[in-house]
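First, one chain by itself in structure tokens, the form predicted on its own.
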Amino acid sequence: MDFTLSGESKMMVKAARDLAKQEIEQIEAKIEEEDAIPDDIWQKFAKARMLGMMIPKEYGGIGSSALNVILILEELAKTGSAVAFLMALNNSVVETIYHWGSEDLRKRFIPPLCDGSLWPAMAFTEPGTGSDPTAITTSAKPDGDHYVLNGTKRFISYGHKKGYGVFYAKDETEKVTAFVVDKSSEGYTWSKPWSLMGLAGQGLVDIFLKDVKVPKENILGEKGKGFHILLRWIAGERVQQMAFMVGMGQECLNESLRFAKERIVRGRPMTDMQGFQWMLAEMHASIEASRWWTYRVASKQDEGDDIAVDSAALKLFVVPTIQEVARKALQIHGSYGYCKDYKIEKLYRTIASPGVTAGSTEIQKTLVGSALARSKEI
């Protein structure tokens, strides 16, 4: 498969690189200190046309591809900032509403998520479940022209920011249904953001739904088919998350090269020593393998293929691979790598997150293994 980037893709990568250097890197220290992302960064993404990228122009998007989203995310991820995750979340939530929503839902909810005026959310996880849909306790009971939602959602990124989110609840048939919920609805409240080891400013909050009324026309897809919507979204999210890992892995290598070239040991730079050269070579090979596999799965997504198993296998490979890249980078930096004055410290903390979020590594093994066991092809 030819992964030579088109002129359009190269322009998008450059735009993402410029945005990262001119906007994100300039505020990273403030984000780390305050554990919050400034609201105006949202409008900067919109101005750069990086929100709702896969959405047709008539709804406020640019009609681009999943691969281009991945390319931009990889570049933004080199900052190690949760700001990159914000861009990814927007694109995945908006695409989900577009794919499953009625024409009315598309017209009402997609444009303000594309123009940077409102914030997205995706709410499935609860205090008692992160992977098992049968354990959901949030309920949705019919009441005239509405459903009334009650329950608690956990670790919801930007759930406290004004906008719309896709929420999953058990309807009166005990099946999971997806609803588009206005976060300004009466009875919708939230906790203070969780304090995380990395990803400062990601804004993970608990959402408390107390008799929140949602119009029946806000059902996304078909009633009782919410879990199918969730699985498709998670598959795309995994690919985005792995692009995030690839970008951070590349930055680990970049930082290690800079440090090793400048660090003089016994009159010679560290890069003259075979042991460090081997470490750098292993890091490079690991990143390249992760990068091209990520591009491949994103391309299959653009082709309309079911990427549930592919994305799980991708994550199963990339997470430990890039975490090992980060470990080597820390070793190359020595004691300096353990200091907050060096970027590798933040990258190391942030790279730990995908192993336990959006489906743990162990869950990916179960998904891939069970799919292989069911397969009739040998």
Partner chain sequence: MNIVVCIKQVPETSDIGWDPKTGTLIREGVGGILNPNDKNALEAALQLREQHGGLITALSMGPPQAEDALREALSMGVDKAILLNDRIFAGSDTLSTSYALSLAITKIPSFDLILCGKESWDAMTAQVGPQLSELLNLPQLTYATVITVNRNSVKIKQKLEDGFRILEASFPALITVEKEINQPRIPPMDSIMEAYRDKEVQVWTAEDLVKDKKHFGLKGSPTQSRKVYSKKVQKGKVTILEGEPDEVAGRLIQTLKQKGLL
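Numbering follows the first chain given and starts at 1. For clarity, every value in this text was computed on a predicted model and none was experimentally measured.
Below, we turn to the form predicted in complex with its partner chain, even though it does not appear here.
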Would residue 16 show up as a contact with its partner chain in the model of the complex if we use heavy atoms at 4.5 Å?
yes
Is residue 11 part of the interface with its partner chain in the model of the complex - any heavy atom within 4.5 Å?
yes
Check residue 64 for me: does it contact its partner chain in the model of the complex (non-hydrogen atoms, 4.5 angstroms)?
yes
Residue 370 versus its partner chain, in the model of the complex: is there a non-hydrogen atom within 4.5 Å?
no
Name the stretch: of 55-63, 309-317, 322-330, 341-349, exactly one has residues whose heavy atoms fall within 4.5 Å of its partner chain in the model of the complex.
55-63
Check all three, 131, 154 and 178, heavy atom within 4.5 Å of its partner chain in the model of the complex
no
In the model of the complex, which of the listed residues (72, 83, 93, 248) lies with a heavy atom within 4.5 Å of its partner chain?
72
Any residue of 30-53 with a heavy atom within 4.5 Å of its partner chain in the model of the complex counts; write them all down in order.
47, 48, 49, 50, 53
